[in-house]
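Only one chain is shown below, in structure tokens, and it's the form predicted alone.
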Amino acid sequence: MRVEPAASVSFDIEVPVAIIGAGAAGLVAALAAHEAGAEVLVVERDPVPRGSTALSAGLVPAPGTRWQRESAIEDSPELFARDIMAKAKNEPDPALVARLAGAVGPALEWLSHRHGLPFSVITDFRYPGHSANRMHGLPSRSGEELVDRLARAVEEAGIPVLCEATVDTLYTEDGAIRGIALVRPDGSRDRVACRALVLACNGYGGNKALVAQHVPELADALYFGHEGNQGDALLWGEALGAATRHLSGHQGHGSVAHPHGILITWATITEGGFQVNAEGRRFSDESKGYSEQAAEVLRQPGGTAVTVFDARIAGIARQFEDFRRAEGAGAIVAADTMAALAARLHLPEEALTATLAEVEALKRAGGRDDFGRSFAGVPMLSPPYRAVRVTGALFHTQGGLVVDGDARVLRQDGAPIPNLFAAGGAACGVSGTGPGGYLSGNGLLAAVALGRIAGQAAGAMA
């Protein structure tokens, strides 16, 4: 990744707004910039728009939406902002948190009303750290559907998306971005001048050297993000003198079916399930959240665990396409008794049975275990049981370039780089410095809310 002077460069074409990356952040930014009246070009290294969005559950947290009102859910941007700050121990920039918490609901309603995305709010379970049901998703509850529908909206708007084109150079003049250079698979190159540039190429989760530097505890973990997330935005930003923050921040996940590599919804835990290691024993407070659970699982023998739940929870989880795929792939084990479940998973029967008894006794008493997990109000498990072997994974990084309330990239002295914007994982998000600060949905919050903000600002500038 290079940054070079534009003085002697001859550009092949010029566009008002260039966007690097065609995941949720880039596609939302493109729609917003187009609506602001600017011509837009989206550049994507893959054959089709996918990104980390396609690997997610596609759920976007948003407060005060019409879907919440229709379900009589009381929520507000202020309450959402408090939840974000509490989960991340007040580490994020409170101004950015407030900006995103206030912007994401209108962004979802705009995508629904203007571009036909049929969102609905999940009402049958709540993710850890959220004080209201505010997770919104599309019918399949999959990131693939989200990015596909956004790509279709971009196509219908007549916005060109140049695929199989990798940007490797930014050109600057007088401290501003003047253009980009991209390379095709056949080695041919194009230079594109622009009046505003949006970096929507995510973080550095696919760059093993950067992960080892900033998130060493997950250096050898399964990477469940997009391999194209090589830290391009971070490297360009550092070369431009941009400020960076919270580079150790990341989203992990302690529930990826092993060896199938399919995401298993955390409803398997929040609705009353638990995790055991190869000895049939619990090893942590699973209720803290799936992000911090990744490292806990990886510390267990073989770097795996087994999530134990029941048919009722499986019915809730089945609303997610990923869970249905896991069932189809044989990742979900079913049994009428704990003894049969232990045999199928090669776990010690006596230990697993005792663990279930301990958990159910805590639920009956409304007690708290030695790890700190409260079981008050947590539903009991009943046969037939279900279980899935899982591993911990790194999903995406949460630190990145520091941006202001208009998604402008800031220099180390706090001044904005005149026409450079960042959204999604390219920007420093609102999760703080570690996995525990990640509130479910923070990734797509930054992609959708900051993507729209960046697109609006870039479009107005161009």
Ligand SMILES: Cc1cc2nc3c(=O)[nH]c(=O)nc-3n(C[C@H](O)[C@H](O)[C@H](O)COP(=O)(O)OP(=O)(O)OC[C@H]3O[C@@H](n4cnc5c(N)ncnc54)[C@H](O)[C@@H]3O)c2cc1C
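So that there is no doubt, residue numbering starts at 1 and follows the sequence shown. Because the structure is predicted, anything quoted here is derived from the model rather than measured.
One more form of this protein exists, namely the form predicted together with the ligand; it is left out here, but the text below deals with it.
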* Would you say all of 55, 166 and 229 touch the ligand in the model of the complex, counting a heavy atom within 4.5 Å as a touch? -> yes
* Asked: Can you pick the stretch from 309 to 317, 84 to 92, 231 to 239, 330 to 338 whose heavy atoms fall within 4.5 Å of the ligand in the model of the complex?
  -> 231 to 239
* in the model of the complex, the residue from 177, 276, 263, 108 that sits within 4.5 Å of the ligand by heavy atoms -> 263
* Would you mind picking the one in 204, 323, 171, 224 that has a heavy atom within 4.5 Å of the ligand in the model of the complex? => 224
* **residue 395, heavy atom within 4.5 angstroms of the ligand in the model of the complex** => yes
* **Any non-hydrogen atom of residue 45 within 4.5 angstroms of the ligand in the model of the complex** => yes
* To do: Would you please decide whether residue 429 lies within 4.5 angstroms of the ligand in the model of the complex, comparing each non-hydrogen atom pair?
  => no
* Asked: Does the ligand come within 4.5 Å of any heavy atom of residue 450 in the model of the complex?
  -> no
* Heavy atom within 4.5 Å of the ligand in the model of the complex: which residues of 301 to 330 qualify? -> none
